[in-house]
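Have a look below at one chain only, the form predicted on its own, in structure tokens format.
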């Protein structure tokens, strides 16, 4: 299955945001939900199970100057096996212009047994843009070994590299569960925050949560591992909630 979706947000000239374009194809269906304040909220609604091996899904997001968008998913994305010797792909491309804000806050990616999935995200931020970007991976459904999943995240700020991050789990990634990667934890995630108004933070580690300031821009990366999806979300939500109130 191939599907393409596109979201374009623009400032409405009255302190709010309008969606100039919102379209998608099954299973990438986009739905705006009612709200108030500067930001608009859009949910990605899965119109079919998966992704299944062989699926090719693509989402483009363009946030104009002064616009603010939150993107959520209604449920976890469960990568499933399908045709042999092929992978499923989910590619997200986002551009955020000066003064714009994008909050990408999907539910978890679950790497079900037997899957072969590639998730690729590329984000281009202008100077003065703001970004909250959350990625979470659950290694297998309850009681099962995970399939193969690779998550690539690439973010540029003001035309320069800000973040290059890759994670591979499953049978095709030797050592993924070892002490140098997940240390046996079945859940892992990261939260990237880019905001010129936030003071510079120092690096810190508390339990399985690490805070890492980035050299390429006004940005901080949090990474965490956990015993389950709920605990992982608790770790990252502590950091994200104060940021969302700034764009209400």
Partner chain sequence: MATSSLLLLLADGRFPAGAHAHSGGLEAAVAAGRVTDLVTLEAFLAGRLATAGLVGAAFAAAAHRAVTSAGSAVRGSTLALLDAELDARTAAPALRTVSRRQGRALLRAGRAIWPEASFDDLPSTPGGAHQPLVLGLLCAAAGLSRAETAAVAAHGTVTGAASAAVRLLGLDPYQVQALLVGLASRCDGTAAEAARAADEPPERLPAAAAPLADIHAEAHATWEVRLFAS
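Numbering follows the first chain given and starts at 1. Please read these numbers as outputs of a predicted model, since none were measured by experiment.
Absent from the display: the form predicted in complex with the partner chain. The rest refers to it.
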| property | result |
| --- | --- |
| Interface stretch in the model of the complex with the partner chain - options 174-182, 111-119, 93-101, 69-77, non-hydrogen atom within 4.5 Å | 174-182 |
| Residue 41 within 4.5 Å of the partner chain in the model of the complex, heavy atoms | no |
| Residue contact check: residue 140 to the partner chain in the model of the complex, 4.5 Å heavy atom | no |
| The partner chain contact in the model of the complex: residue 207, any heavy atom under 4.5 Å | yes |
| Interface membership of residue 167, the partner chain in the model of the complex, 4.5 Å heavy atom rule | yes |
| Check all three, 8, 32 and 58, heavy atom within 4.5 Å of the partner chain in the model of the complex | no |
| One residue of 87, 129, 123, 163 in contact with the partner chain, assessed in the model of the complex (non-hydrogen atom, 4.5 angstroms) | 163 |
| Contacts with the partner chain in the model of the complex, stretch 212-229 (heavy atom within 4.5 Å) | 212, 213, 214, 215, 221, 223, 224, 225 |
